[in-house]
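Before any questions on how it binds or moves, here is one chain, the form predicted alone, in structure tokens.
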């Protein structure tokens, strides 16, 4: 279970987080770096089978092959390396869960990030990170200050995030505008009729919908029952199953964070019937 103070902080970050590709090259202060360091080995039992390493410098070599829609990633001070231990049956999910928690924390500090799970130099990573038996690098993210991101821009982004959070609470079934372009929630959900959803479920599922994913494919589906939400990897996707499960882990982190922020407590249970991944069994608590 995620600490309540972290969940509250990360829930707000969900609405502000977006991929940053251009950084200003300045150093991340030690205080911020130390906060991130505390999360590298996990913050929840759901992180079991994953760990992270934070590298200083080297972003130009590690991310040299990444050319996104807005150009190459450049100028980041730090590189987050996310590692899975293949001896754990749900290591892909754990990597997504751990990585997104760290990324949301970085966002809450005013730092930029960008999930990169394919087009980066594994060789450049592996010469700097000592992998243990059974481990493999699953993804990386630059971390640093976005280029041209002034104090005024930070204030405008915070204001937009606050407005989006309020919109979610009132109209969670509609597609968000602004920083996030995603499939409408109704196309990702089946099971219980919307009008019968328990309190907190609309906000939880909207937060899960806003999770980042490889090439923005959103390879997850949600089955809603009166006391649980089942997360499954989408069928008939071109993405490999490992990538889909990693992305499911990211959306699961969002779902749990939103649950805590909206008065719902629960626990994850992994499922052994693919493409189902896990279910969040919930109970309501007073805010």
Ligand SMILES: Cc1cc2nc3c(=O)[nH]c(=O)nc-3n(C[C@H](O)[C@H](O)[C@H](O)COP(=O)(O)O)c2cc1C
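Numbering follows the first chain given and starts at 1. The model shown is predicted, which means the values in this text are computed figures rather than measured ones.
The next section is about a form of this same protein that is not shown, the form predicted in complex with the ligand.
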| field | in the predicted complex, the residue from 214, 83, 80, 106 that sits within 4.5 Å of the ligand by heavy atoms | value | 214
| said: For the three residues 9, 33 and 141, which mark the spot I'm curious about, does each lie within 4.5 Å of the ligand in the predicted complex through at least one heavy atom? | reply: no
| Of 241-249, 256-264, 226-234, 48-56, which is the one stretch near the ligand in the predicted complex, taking non-hydrogen atoms within 4.5 angstroms as near? | 241-249
| said: Contact with the ligand in the predicted complex for residue 117, defined as at least one heavy atom pair within 4.5 Å: yes or no? | reply: yes
| Is residue 182 close to the ligand in the predicted complex, meaning a heavy atom pair under 4.5 Å apart or at it? | yes
| request: For the heavy atom contacts within 4.5 Å of the ligand in the predicted complex, list the residues of 11-27 involved, in sequence order. | output: 17, 18, 19, 21
